[in-house]
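Starting off, we have a lone chain in the form predicted on its own, written out as structure tokens.
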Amino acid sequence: MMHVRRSPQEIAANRARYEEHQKKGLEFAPKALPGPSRLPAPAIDAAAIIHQEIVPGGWYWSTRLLRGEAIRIDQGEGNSTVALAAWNAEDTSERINLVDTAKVQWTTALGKGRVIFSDMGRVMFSMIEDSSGAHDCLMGGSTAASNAAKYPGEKTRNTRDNLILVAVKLGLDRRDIPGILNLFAPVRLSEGGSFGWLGKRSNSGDYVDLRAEMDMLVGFSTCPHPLDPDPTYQPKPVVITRYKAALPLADDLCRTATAEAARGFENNALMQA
């Protein structure tokens, strides 16, 4: 790639333009989004439940999720990271995009009230409930190499290989696997630019409810996060419940929290017209 040298004046002008866009974006946002959803998780109306799956620790699972449905991912018995990938069911070239998700909402701190974008500027998920607020959209998941270094001599499963199996079963290829969202992974970036694990941010029994804003194929992996400080490979099972969500109201928080989210839903409307 050719490097284009910029003058200090050009750098300063670009920086000023970025900060102006950031200021406008943050001014539109609510003063404060809601805090974490309450624990324990409220029961889902039995009549609304479409399917419930207990995914063993270290394993994988996938499902088709229709617009207007939601999934609850519940840690159940203990701290468990859940890696999530998603594709538009009608056109799998459209995928979850965590870079855009963080960029257009001016934050990597995803929680209740935020949305998760596709690589085509549309909203895939609304985070309608979240007791954790500790999710990682920056690092990706474990691999055979990272597990070998972390758990020498142990037989383990890893997120990369699990998601390859998910992709193949969905008729996709390893090249179709997008950047993943790690739920219940309290990763933060330090001032020095290094990643760290804030263990106190994750509670046993945390849950997230994601409302589907388009028809999707969704894959999950329940392997430990690469930064999980537990030196023992002992992933826990999680409970994933697919259910019929309530219709969003006109002032739905996820649809109105930021100007970028509102534009994302406008893009959804164009696609679904």
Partner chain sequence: MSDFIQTSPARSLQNATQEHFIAAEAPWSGIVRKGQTIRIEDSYGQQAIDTLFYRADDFSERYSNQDTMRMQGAAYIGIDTKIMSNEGNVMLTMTADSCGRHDTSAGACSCESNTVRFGHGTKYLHACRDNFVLEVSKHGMGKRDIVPNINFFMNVPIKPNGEMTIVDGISAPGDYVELVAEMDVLCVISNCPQINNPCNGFDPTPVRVLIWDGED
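Residue numbers count along the first chain shown, from 1. It should be emphasised that the depicted structure is a prediction, and the values quoted were computed from it without experimental measurement. Whichever C-alpha set is largest while still superposing within 1.5 Å between the two forms counts as the rigid core.
Below, we refer to the form predicted in complex with the partner chain, which is not included among the displayed structures.
The candidate stretches are 168 to 176, 124 to 132, 150 to 158, 69 to 77, and the one lying within 4.5 Å of the partner chain in the model of the complex by heavy atoms is 168 to 176.
Interface membership of M139, defined by any non-hydrogen atom within 4.5 Å of the partner chain in the model of the complex, is confirmed. Looking at W106, you'd find a heavy atom of it within 4.5 angstroms of the partner chain in the model of the complex. In the model of the complex, the partner chain lies within 4.5 Å of some heavy atom of I11. A residue is said to contact a partner when one of its heavy atoms sits within 4.5 Å of a partner heavy atom; H21 meets this definition for the partner chain in the model of the complex. For the three marked residues, V99, E260 and E266, a heavy atom of each sits within 4.5 Å of the partner chain in the model of the complex. Residues I180, R188, L189, S190, E191, G192, G193, S194, F195 are the ones in 180 to 196 with at least one heavy atom within 4.5 Å of the partner chain in the model of the complex, listed in sequence order.
Core-superposed comparison between this form and the one not shown: the CA of A16 exceeds or equals a 2 Å shift. In contrast to the form presented, in the model of the complex the C-alpha positions of A13 and G264 draw closer by 3 Å or more.
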